Every structure is written in structure tokens, then in C-alpha cells.
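Before any questions on how it binds or moves, here is one chain, the form predicted alone, in C-alpha cells.
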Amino acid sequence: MGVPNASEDLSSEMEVDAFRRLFPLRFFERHLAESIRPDGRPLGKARETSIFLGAVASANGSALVKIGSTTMLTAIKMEVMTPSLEAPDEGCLAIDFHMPPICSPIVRPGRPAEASPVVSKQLSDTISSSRMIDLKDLSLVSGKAAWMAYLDVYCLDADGALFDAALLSAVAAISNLEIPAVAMNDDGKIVLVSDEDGQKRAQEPVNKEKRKLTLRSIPFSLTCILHKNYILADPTAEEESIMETHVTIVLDTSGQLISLYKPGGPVLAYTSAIQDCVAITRQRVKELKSFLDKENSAMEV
């Protein structure tokens, strides 16, 4: 009797899988009518999220973030530069988002992913608009030397909500960042001071010891899908490909709206729908802040 039951279960699974492939929108709408998604989540619930700080030992700051299967790795490298004449007391932050072919079958070797420059621009605009970092904190010697922070975000697995995971990874890496100790040598150049020989050099100290940046309002985001009267938080790549109207809300930890991004789509974003998205995002921001605070506290122990 066990064999027929197993065969029936297998046949049923194959039928469901075939229906999902042939009629993906109808498949999802049947679940939405029951206020649940194929992966078992309620409509407004984000996927399981994890943050691992200090993932790249050779970087000045780094973080590995997973939201569901979507995985991002961010590494920050600091270099000394000559500040611009327009901002002699400020450093710079350069952000790049990378999508290697390993992250998704739609990314082809030798061809840059279409999403890469878009996400790079979104990340730069968001971090700048949030005033998370005061670029004056990156100054070393006014008009002569300042820090250039190169922040590179690598997508290791692209399974939806790329910007949300990229922003969380970038923010986590910045919170993990340690500014290196530097000094001015006899030629007036800024040089790194290692822990071993820092006491031996008769150089004028600029940064006497490694230090953390003072972070102000920290931005977090949540992408939602609008489909008919439904709102789906934190979509997977499959959901994004089937239901094309996306809205990304960025709030800081004080609840202030930083940005709202809606790249087209057939569904109109009515005021009530946007308000609902913002309300879901507020809860998500509290959750993400708690995750990040917990990881930073664990690093300090």
C-alpha cells in the first residue's frame, strides 16, 4: 500500500510543478487568495535574515548578508588621497555594485549585468541622502590629505530584493569599518602606522590609533510588490519576474523617509498602497536595526 501512496504523492508534486511552470501568475494568485505565498510566508513578512561582520580579514570593514537566498558581500578598502579644492576638509566614498556570473543564470560572462549600475547609483544616492557619514570625519590634514573609502558590494546569489540586501550589507560593512592609524613622515607624506612599529617611528601622528566612524541616521530599505490589491514584502526573484510592479521604500532609524523608488510597472501606486508599504517598512527597519546592533555588540565582546 505504501508504494501507490508514494507514487500518487510524486504524481501530485509533478502536476503542481508543471502548473507552476506553465501558469506562474495563476499559481501565485491562488496562494495570494489564501493570504500566503508558495514559500509559506505571509504576504507582509520578509525572509530570514543574517548578518556576519568582518567577513573579509584583509578589508578595513566588511560584512556578509543573507536575506533568504539573496547573498551580498561588502568590503571596504581605505586609501589616502589629496582632497579636492572645493572640499578641502572632506574625504570621499566610492560605491560599486558587482554581479558576477556566479550570482544568477541571467548574468552572462563578459557582459555587465543591467542591474549593476542601477543598484550602484541607488546605493550612492541613499547613503549620501541619509547623511549617514559626515565626510569631514574622513579628513586627515586640511587641504592635503583625506581618506578615500572604496566600498565594493558583490552579489553572490541574486534571488530577489537585490537593493535591500546590498544596502544592508553596505551599512553593516560601514558599521564594521576601522579607520587605520596613520602618521606624517619627514617628507610630509601620510603613511600607515602598523601596530608593531607605531611606537618606534618618530613621526607626527595624525590618527594615533584605529577608530570607528560616528554613524548618524542609518538607512534600511524594503522592496514590496504591488499586485492587484495585494502587497508582497521582500520578493524572491521568481515573484519579481511574474509580478512586475515594485516599490522600494528607504527609511532611516528615526523613521524619516529617505527615498521611494518605483521603476514603472502596470499597477498604479495609490497613496493608500504606499502608506501600507511604509508601515511594513517601519517594522522591517526596527528588525534590521536589532540584527545589526546585536552583531556589533557581539564583535565588541
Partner chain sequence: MADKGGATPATYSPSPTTGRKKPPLLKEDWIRPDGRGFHQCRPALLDMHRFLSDSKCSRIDGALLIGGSAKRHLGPVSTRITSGVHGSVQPDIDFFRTGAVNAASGSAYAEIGNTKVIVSVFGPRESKKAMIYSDIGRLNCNVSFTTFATPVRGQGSDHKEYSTMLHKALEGAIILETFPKTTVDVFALVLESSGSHTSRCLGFGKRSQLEIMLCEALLLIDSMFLCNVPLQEVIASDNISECVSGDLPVVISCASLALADAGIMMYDLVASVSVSCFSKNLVIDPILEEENCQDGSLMITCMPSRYEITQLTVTGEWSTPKINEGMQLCLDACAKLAKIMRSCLKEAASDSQE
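Here the structure is a predicted model, which is why all the values come from computation and not from measurement. Numbering follows the first chain given and starts at 1.
What comes next is about the form predicted in complex with the partner chain, which is not displayed.
Chemist: Can any non-hydrogen atom of K189 be found within 4.5 angstroms of the partner chain in the predicted complex?
Modeler: Flag for K189 set to yes.
Chemist: Taking any heavy atom pair closer than or equal to 4.5 Å as contact, tell me whether Y261 reaches the partner chain in the predicted complex.
Modeler: Answer no; every heavy atom of Y261 is more than 4.5 Å from the partner chain in the predicted complex.
Chemist: Although the partner chain is absent from this view, report whether V247 comes within 4.5 Å of it in the predicted complex, heavy atoms only.
Modeler: It does not: once the partner chain is placed as it appears in the predicted complex, V247 has no heavy atom within 4.5 Å of it.
Chemist: Does the partner chain get within 4.5 angstroms of any non-hydrogen atom of S241 in the predicted complex?
Modeler: Residue-level check for S241: no, no contact with the partner chain.
Chemist: Going by heavy atoms within 4.5 Å, which of 213-221, 118-126, 226-234, 95-103 lines up against the partner chain in the predicted complex?
Modeler: In short, 95-103.
Chemist: Would you confirm whether the three residues G91, A166 and V171 all fall within 4.5 Å of the partner chain in the predicted complex, going by non-hydrogen atoms?
Modeler: Checked in the predicted complex: no contact with the partner chain for any of the three.
Chemist: Under a 4.5 angstroms heavy atom criterion, identify the one residue in A113, L135, M78, M132 near the partner chain in the predicted complex.
Modeler: Partner contact (heavy atom, 4.5 Å) among the options: M78.
Chemist: Heavy atom within 4.5 Å of the partner chain in the predicted complex: which of S254, Q275, S58, S35?
Modeler: None of the others qualify; the residue that does is S58.
Chemist: Do any residues of 135-152 have a non-hydrogen atom within 4.5 angstroms of the partner chain in the predicted complex? If so, which ones, in sequence order?
Modeler: Residues within 4.5 Å: W147, M148, Y150, D152.
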